[in-house]
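In structure tokens, one chain follows: the form predicted on its own.
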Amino acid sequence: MGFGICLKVWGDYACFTRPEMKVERVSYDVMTPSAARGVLEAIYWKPAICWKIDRIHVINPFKYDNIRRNEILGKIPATKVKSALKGKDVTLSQDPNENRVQRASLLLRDVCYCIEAHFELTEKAGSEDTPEKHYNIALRRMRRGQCFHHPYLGCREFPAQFELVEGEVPSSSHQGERDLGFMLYDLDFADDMRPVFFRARMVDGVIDVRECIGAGGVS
């Protein structure tokens, strides 16, 4: 395995929202690399490391549910939070009775994925930050089921269960090749949170993210 890991995650529901359908939420067919990175960072993250997603194994068949949910319009502006941090008298609460709306959501049901990933040291790594040190901490936390906050599958109301895969990766129910179209890869935080997309292709239930990006699919 080297300094890579394989983590199995599963849950009753998931919603990896397509950015072009953000008002009435519609999920991608599979977990996105950015959502997989979020799961790993919920379990173990430090400024000295950066998780890179190598492959996503889609274990269960695709199942969908269409539901309606109550959501809150808008967010508390970041400017208000900054003002509060400076000691100014501002209101940071929202009244759910005034801002509530009901929206449709197309969700994934009964999902299970295996995430293959590795990490790289960042420029914030110090002399004490060795790959062996962070790798062993990450393994220990995954074996014990520890996390900084509970990982979720796209939306916080859809919690993810997880366990470290130390043997064979579970077999997928998908066979053959399937073009999943353009998919969100991640946000480029170094470039004003610019969204980056890639052309996702699944072969026998496996999305090889490195191979898809290497084929020139990143935009």
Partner chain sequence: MIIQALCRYYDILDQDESVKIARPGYSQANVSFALVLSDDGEVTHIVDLRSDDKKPRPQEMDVPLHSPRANGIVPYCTCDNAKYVFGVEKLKVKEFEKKIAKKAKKGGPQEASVLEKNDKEVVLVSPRSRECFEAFKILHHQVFDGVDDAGVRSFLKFLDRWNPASFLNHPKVLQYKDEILDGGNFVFECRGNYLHRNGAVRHAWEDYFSDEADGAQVVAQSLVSGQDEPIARLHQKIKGVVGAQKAGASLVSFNDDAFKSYGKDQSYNAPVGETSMFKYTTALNHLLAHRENRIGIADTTTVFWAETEDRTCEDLARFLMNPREEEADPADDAPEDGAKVRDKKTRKLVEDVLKKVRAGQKINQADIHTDPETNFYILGLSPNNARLAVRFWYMDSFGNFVARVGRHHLDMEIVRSDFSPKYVSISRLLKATLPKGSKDQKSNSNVPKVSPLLGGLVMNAVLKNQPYPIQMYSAVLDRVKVGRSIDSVQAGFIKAYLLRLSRAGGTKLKEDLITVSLNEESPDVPYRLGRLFAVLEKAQNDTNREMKSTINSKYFSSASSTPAVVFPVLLKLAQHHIAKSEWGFKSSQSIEEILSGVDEFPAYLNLEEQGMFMLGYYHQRKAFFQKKEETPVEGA
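Because the structure is a prediction, the values reported are computed rather than measured. Numbering follows the first chain given and starts at 1.
There is also a form predicted together with its partner chain; it is not shown, and the following applies to it.
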Practice task
With its partner chain left out of view, choose which of L121, A84, V101, I137 has a non-hydrogen atom within 4.5 angstroms of it in the predicted bound form.
Solution key: V101
Completion exercise
its partner chain in the predicted bound form has a heavy atom of only one listed residue within 4.5 Å, and of C155, C50, V26, A42 that residue is V26
Problem - Complete contact of C6, A125 and A190 with its partner chain in the predicted bound form (any heavy atom, 4.5 Å) - result: no
Practice task
Please check if R18 has a heavy atom lying within 4.5 Å of any heavy atom of its partner chain in the predicted bound form.
Solution key: yes
Handout entry: 4.5 Å heavy atom contact, Y13 and its partner chain in the predicted bound form
Key = no
Exercise for the section: Would you please decide whether V203 lies within 4.5 angstroms of its partner chain in the predicted bound form, comparing each non-hydrogen atom pair? Expected result: no
Handout entry: L106: touches its partner chain in the predicted bound form, heavy atom cutoff 4.5 angstroms
Key = yes
Fill in the blank from the handout: Only one of 146-154, 167-175, 50-58, 64-72 sits within 4.5 Å of its partner chain in the predicted bound form by heavy atom distance, namely 64-72
Problem - Neighbours of its partner chain in the predicted bound form among 176-200 [non-hydrogen atom within 4.5 angstroms] - result: F182, L187, F189, D192, M193, R194, P195, V196, F197
